[in-house]
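Quick heads-up: it's one chain on its own, the form predicted on its own, in structure tokens.
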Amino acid sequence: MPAPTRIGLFGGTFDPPHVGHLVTAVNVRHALALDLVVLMVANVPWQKAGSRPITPAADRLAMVEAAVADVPGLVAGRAEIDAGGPSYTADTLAFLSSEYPHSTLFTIVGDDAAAGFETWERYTEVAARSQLVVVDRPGDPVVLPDRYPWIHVEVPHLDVSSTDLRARARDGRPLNYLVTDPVLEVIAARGLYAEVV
């Protein structure tokens, strides 16, 4: 099997990964003819650290692996976990460049993250190492830094958030159809988010 030449980096906390993440990944892969989309699990998401308890990285990785196991062209990424410490996209892109030296890299972000792009650690490196992809959702567009050649990909809007899913789990409400069955199995097996899911 030939090495992938067009690789999308879709990073996140994935606490938990949900159908909105998968819809985004498969639609961006299709729109940009990507060989691979890596759902990279953040080790310590620097923008969220200290704001709330974060599920252990190994559990979040297990959920992402379960979510993408049967989805062609999507893989779970563990490089940020293996590196340890805070997770920065610039470092992850450097790693992917060394692993796939002849590939074109695409950094996939939601419109809210794109609007705050210049708050990222070493954001100029991110822009230099990859093509920036912003996921557009129907509604009012956000204002993006216009110094960068954003690639826009529209995806269906699913009003699903990991924050809401964690609250649902704590309250004992069902997560069915909001996360995939394999992810539900990991949540149940590892006792994540609530004693009873």
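A residue's number is simply how far along the shown sequence it sits, counting from 1. It should be emphasised that the depicted structure is a prediction, and the values quoted were computed from it without experimental measurement.
Below, we turn to the form predicted together with adenosine-5'-triphosphate (ATP), even though it does not appear here.
Are Thr92, Arg129 and Gln131 jointly within 4.5 Å of adenosine-5'-triphosphate (ATP) in the predicted bound form, each by at least one heavy atom?
Per the other structure, none of Thr92, Arg129 and Gln131 touch adenosine-5'-triphosphate (ATP).
What stretch, of 139 to 147, 29 to 37, 156 to 164, 65 to 73, brings heavy atoms to within 4.5 Å of adenosine-5'-triphosphate (ATP) in the predicted bound form?
The contacting stretch here is 156 to 164.
Give a yes or no for Leu105: in the predicted bound form, does one of its heavy atoms lie within 4.5 Å of a heavy atom belonging to adenosine-5'-triphosphate (ATP)?
It does not: once adenosine-5'-triphosphate (ATP) is placed as it appears in the predicted bound form, Leu105 has no heavy atom within 4.5 Å of it.
Counting only non-hydrogen atoms and a 4.5 angstroms cut-off, does Thr180 reach adenosine-5'-triphosphate (ATP) in the predicted bound form?
No, Thr180 stays farther than 4.5 Å from adenosine-5'-triphosphate (ATP) in the predicted bound form.
Ala79: heavy atom within 4.5 Å of adenosine-5'-triphosphate (ATP) in the predicted bound form?
Residue-level check for Ala79: no, no contact with adenosine-5'-triphosphate (ATP).
Even though the partner isn't displayed, in the predicted bound form is Ala113 close enough to adenosine-5'-triphosphate (ATP), meaning a heavy atom within 4.5 Å?
Ala113: yes, in contact with adenosine-5'-triphosphate (ATP) in the predicted bound form.
Heavy atom within 4.5 Å of adenosine-5'-triphosphate (ATP) in the predicted bound form: which residues of 9 to 39 meet that condition, in order?
Heavy-atom contacts within 4.5 Å come from Phe10, Gly11, Gly12, Thr13, Phe14, His18, Gly20, His21, Thr24.
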